[in-house]
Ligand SMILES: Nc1ncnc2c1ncn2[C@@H]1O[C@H](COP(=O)(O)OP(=O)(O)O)[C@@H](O)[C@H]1O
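Just one chain is shown here, as structure tokens, and it is the form predicted on its own.
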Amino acid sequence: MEVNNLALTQYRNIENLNIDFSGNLNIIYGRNAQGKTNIIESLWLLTGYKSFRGGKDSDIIMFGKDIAKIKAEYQTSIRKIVSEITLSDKRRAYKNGILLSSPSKFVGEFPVTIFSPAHLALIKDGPSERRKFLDVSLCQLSPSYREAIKKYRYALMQRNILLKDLQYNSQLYDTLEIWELQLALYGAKIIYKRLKYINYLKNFSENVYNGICDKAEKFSIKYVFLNCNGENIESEEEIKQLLKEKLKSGRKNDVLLKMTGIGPHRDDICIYINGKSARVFGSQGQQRSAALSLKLGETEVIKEITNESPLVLLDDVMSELDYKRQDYIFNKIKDYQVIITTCELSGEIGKHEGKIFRIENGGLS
């Protein structure tokens, strides 16, 4: 995939902006708070997800205005597409001029990987960040995964509500099984797809880490689910039965805690360097290399599964990395369309050819 043009209107501090991108490297530089990340964010919204910066859509609209617009023209391997998003009282999405029933219809249509300073904490933060990393990647790749996540979260919410209500009406206890069947059904689909994804990611991310450290260290990842090692589980049906059993055996504890303590919403990716936990024992440099390996591995997985090269967004992350890691990134992503934001053209960034844009007060110069 290749983005040819991006147009923004009344988007945060950007009144009007129009960019024709290079098919390879694009560098957007400027001082802080000038609008660099706003450009990256607008492209990310075209994936159908909410902003990676958090907050409400209304925060994106320029102060004093009623509407913001994003429009991108891009080319996939088979056709040209124009995607548009308008933000006003609600978010509306258009594809080739046709209003979509929901902005979420963009999910999977616009493959993107993003690497920001926040992702450098992917290793040292809690399991929720690593689950989010998995879910965002898989939702881009599989409509059935998105549907399973949606239905699983609904069943989880209903079971948790029921667990809280049991203190007022113990007769509701028998109805727990209804929601457990739903949790087992959709939870098994989620876990099974995560396991398959991890098998792809494992190979790519290990190769990236080997490249960064010249094979001096051993990097590995493992998906840990349902509080078991899972080595002998080979099918979705086996996962479903195991999840049913664990939900049933955990009822007493769940009633006490008033929450569901087992399931894909509690699972994790364990990352190891030389057989030890990178989160607990890894140095800052090792943790950064591990996070970089996961994100670059994600890029390779998307390309492998979809046969489309995702757009690579690097938001103000290069300054956080030493020259060796910067150089490795550039060599690894040279065959992708890349958009980099940075405060200044220095180090490895300044050595590479591509389109360069300077941004100041929301405008290009």
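We number the residues from 1 along the sequence you see. C-alpha atoms forming the largest set that superposes within 1.5 Å between two forms make up the rigid core. Here the structure is a predicted model, which is why all the values come from computation and not from measurement.
Note that the form predicted together with this ligand isn't included here; everything after this is about it.
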Is Ile67 a contact residue for this ligand in the model of the complex, using a 4.5 Å heavy atom cut-off? no
Partner proximity in the model of the complex: Gln34 to this ligand, non-hydrogen atom cutoff 4.5 Å: yes
Determine whether any heavy atom of Asp59 comes within 4.5 Å of a heavy atom of this ligand in the model of the complex, and answer yes or no. yes
Classify Lys355 as contacting or not contacting this ligand in the model of the complex by the rule of any non-hydrogen atom within 4.5 angstroms, answering yes or no. no
From the list Lys303, Lys332, Arg325, Arg53, which entry has a heavy atom within 4.5 Å of this ligand in the model of the complex? Arg53
Look at the stretches 293-301, 25-33, 306-314, 332-340 and give the one with heavy atoms within 4.5 Å of this ligand in the model of the complex. 25-33
Just give me the residues of 1-29, first to last, that have a heavy atom within 4.5 Å of this ligand in the model of the complex. Arg12, Asn13
With both forms fitted on the core, give yes or no for whether the Cα of Gly30 moves by 2 angstroms or more between this form and the one not shown. yes
Checking Asp66 here: with the core superposed, does its CA move 2 Å or more between this form and the one not shown? yes
